[in-house]
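The chain that follows stands alone, in the form predicted on its own, written as structure tokens.
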């Protein structure tokens, strides 16, 4: 079984794409080929990966089209890595509207992955920041889910609502098994900010009540922006930066999932 990891958030700017990019690179360093699918019409993944924008026919839009025959438009990224990207496009917003009226519209991505499977050990779905049809497609296609949260009141306490949404929609779609939530990842943590310290202290109780794993925080650093400005993950831009360590625990857990899936 292939691991398909949907990274879901119900707000923008919570570190979703940062998490997707750095996890992809970290897991690829463990010897696994990784694909990232960009469901976000904002296509910020292009910037993080140093990719030029593409036309809709060379993006994930073509995967959702009715005449798709399995030619995934994957592009290589970061010389020497084992990471490929299926780029997003602003037309994904219109595609989302079309899926509402299409038969099996909620399962379009899941159907594509089943009929035309990718060969990667890990597929990461970078979702849009709204819980619409595209997020529903990601949910239906995923074997596991990951929830990044910003250490602000609205984002941190909104995680409970997001998890409820995942459970309700999974039940409505009759997903069997329901994709488990791998965990919550506090992102953009600044130890000098009082509200960040306060919420980080409260998160263990919240995640315990939700019965989900709380992963180590990913610190805030201007070096993430500097790295994305040149289209690189921090691991390649500044491999000795302390923030590189923030992805180790999660990537090792994903490595174990992949190994278990391979039997």
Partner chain sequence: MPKVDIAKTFSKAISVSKQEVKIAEFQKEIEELRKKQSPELERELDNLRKALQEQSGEKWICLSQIRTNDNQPRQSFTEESIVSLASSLEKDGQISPIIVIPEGDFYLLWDGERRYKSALYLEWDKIKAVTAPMPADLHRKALLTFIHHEELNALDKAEAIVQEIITVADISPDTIPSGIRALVRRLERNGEIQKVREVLNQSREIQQTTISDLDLSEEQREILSVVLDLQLNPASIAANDLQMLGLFEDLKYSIRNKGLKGTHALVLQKLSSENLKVTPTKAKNIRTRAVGKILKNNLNVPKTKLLVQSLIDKSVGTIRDDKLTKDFKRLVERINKVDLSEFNDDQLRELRDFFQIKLNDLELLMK
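Keep in mind the model is a prediction, meaning the values are calculated, not measured. Residue numbers count along the first chain shown, from 1.
Not pictured, yet referred to below: the form predicted in complex with its partner chain.
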Item checked: Position in contact with its partner chain when the complex is considered in the predicted bound form, options 169, 74, 129, 160, heavy atoms within 4.5 Å -> 160
Notebook entry, point to check: Considering 191, 79, 176, 101, which brings a non-hydrogen atom within 4.5 Å of its partner chain in the predicted bound form?
Noted result: 176
Next item on the list: Answer with yes or no whether residue 156 is in contact with its partner chain in the predicted bound form, where contact means some heavy atom within 4.5 Å.
Entry: yes
Check: Is there a heavy atom of residue 57 lying 4.5 Å or less from a heavy atom of its partner chain in the predicted bound form?
Finding: no
Notebook entry, point to check: Can any non-hydrogen atom of residue 241 be found within 4.5 angstroms of its partner chain in the predicted bound form?
Noted result: no
Item checked: Contact of residue 198 with its partner chain in the predicted bound form (heavy atom, 4.5 Å) -> yes
Margin query: Within 4.5 Å, heavy atoms only, one stretch in 228 to 236, 61 to 69, 45 to 53, 210 to 218 touches its partner chain in the predicted bound form. Which?
Written below: 210 to 218
Note to self: Heavy atom within 4.5 Å of its partner chain in the predicted bound form: which residues of 226 to 263 meet that condition, in order?
What the structure shows: 252, 253, 256
